[in-house]
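This document opens with one chain alone, in structure tokens, the form predicted on its own.
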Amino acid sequence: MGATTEKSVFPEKISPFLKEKMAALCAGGGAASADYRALYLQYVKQAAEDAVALEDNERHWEANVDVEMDGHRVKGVERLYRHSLVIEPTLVCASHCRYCLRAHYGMFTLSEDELKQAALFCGSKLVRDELREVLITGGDPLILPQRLGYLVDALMKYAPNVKTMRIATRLLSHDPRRIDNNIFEIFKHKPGIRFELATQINHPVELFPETIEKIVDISALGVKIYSQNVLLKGVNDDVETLAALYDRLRELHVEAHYLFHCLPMKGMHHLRPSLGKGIELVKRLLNSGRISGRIKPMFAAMTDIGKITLYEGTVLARKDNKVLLQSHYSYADRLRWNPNWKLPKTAAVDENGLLRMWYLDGSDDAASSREIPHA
């Protein structure tokens, strides 16, 4: 597994662009305004992060998802699923989201040689018969466009089995001014490759004019943009905000993907509503005619065994603060796709050979998410 830091502290980091936007919102609507709070709660470090809570995981996967080739770990590569895997060229971001799933990872940026090794693994006999797509994430790959371009070219050369490249970024809202021709060139003249850009926009206020301009520019290159959102207490945990968000995304031709329950990681308790509240919000959002059926998100939990979309029959039992979730991940398949994978202590294998796991629920207490932030 990747390195973690002892008693790691996730430092506050807010891009100059976001600071400008927050200052303008505070001056215009005040520190208690919903728009200002939506940014404040996402980016400003709060005392609640240091409070003792049941959320104590240092990593989003409490299991080994690393891969090996020729007896050596392939750095920056993780695999859980059949047709896809994750490549992390860097863990550097323009800003630090306070609920980041890699908040406690050891910081790194892969060299060109390490990126080549990742591409060679993707085209190796170990995975090439089934691997069809990669998710290039981090950190923010768009922070280092030259490294990203090198990786894309290496994948095309050494892993022709990869036909879809998904690139995850928050630069669209963190600092869209950094998205320029160096980034646009990555998507040009790549026959046979489908590019998808995954972003994360949790509140309508994050669709700044500069953000919208870059969404239009990237879409014009034939890149499909989709948004994965996180349900955050005090930010977007109400139907009106979610409906406004998904309406606006559709107007911009941005597809809705997952609406994630906030992870049970250290420092995140104050941002985590309960699964019950999340399910109720999604039911009211999806079954009320409030938004188009063409942009309905999937409500999902990021668990120790992978993403589990929450629907009828997924929740098997409750015990104390934990919920037993049923997946349709096969234990045998997981080992076939990644022989290094080990069953985490939170999980078990059912009578059909499928994985299920105990997942720490959130809470609906008032908590600090409703505190008025400082101006």
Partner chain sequence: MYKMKTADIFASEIAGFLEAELIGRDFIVRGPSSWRRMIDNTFVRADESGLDEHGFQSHKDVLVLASRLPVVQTDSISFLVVKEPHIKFIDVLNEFFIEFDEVKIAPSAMIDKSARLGQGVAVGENVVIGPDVTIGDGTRILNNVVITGRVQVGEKCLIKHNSTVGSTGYDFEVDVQGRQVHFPHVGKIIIGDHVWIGSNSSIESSAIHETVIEDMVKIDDLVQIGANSVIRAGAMITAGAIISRGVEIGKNCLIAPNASVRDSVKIGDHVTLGIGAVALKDLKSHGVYVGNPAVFLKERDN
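Keep in mind it's a predicted model, so treat the numbers as computed, not measured. Residue numbers count along the first chain shown, from 1.
Just so you know, the form predicted together with its partner chain exists too; it's not on screen, but the next bit is about it.
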Heavy atom of residue 189 within 4.5 Å of its partner chain in the model of the complex: yes
4.5 Å heavy atom contact, residue 354 and its partner chain in the model of the complex: no
Residue contact check: residue 276 to its partner chain in the model of the complex, 4.5 Å heavy atom: no
Heavy atom of residue 144 within 4.5 Å of its partner chain in the model of the complex: yes
Heavy atom within 4.5 Å of its partner chain in the model of the complex - residue from 97, 101, 92, 252: 92
Among the candidates 182, 241, 164, 228, the residue which, in the model of the complex, approaches its partner chain to within 4.5 Å (heavy atoms): 182
Option from 107-115, 280-288, 297-305, 198-206 whose residues, in the model of the complex, bring a heavy atom within 4.5 Å of its partner chain: 107-115
Heavy atom contacts to its partner chain in the model of the complex at 4.5 Å, residues of 11-38 in sequence order: 13, 14, 15, 16
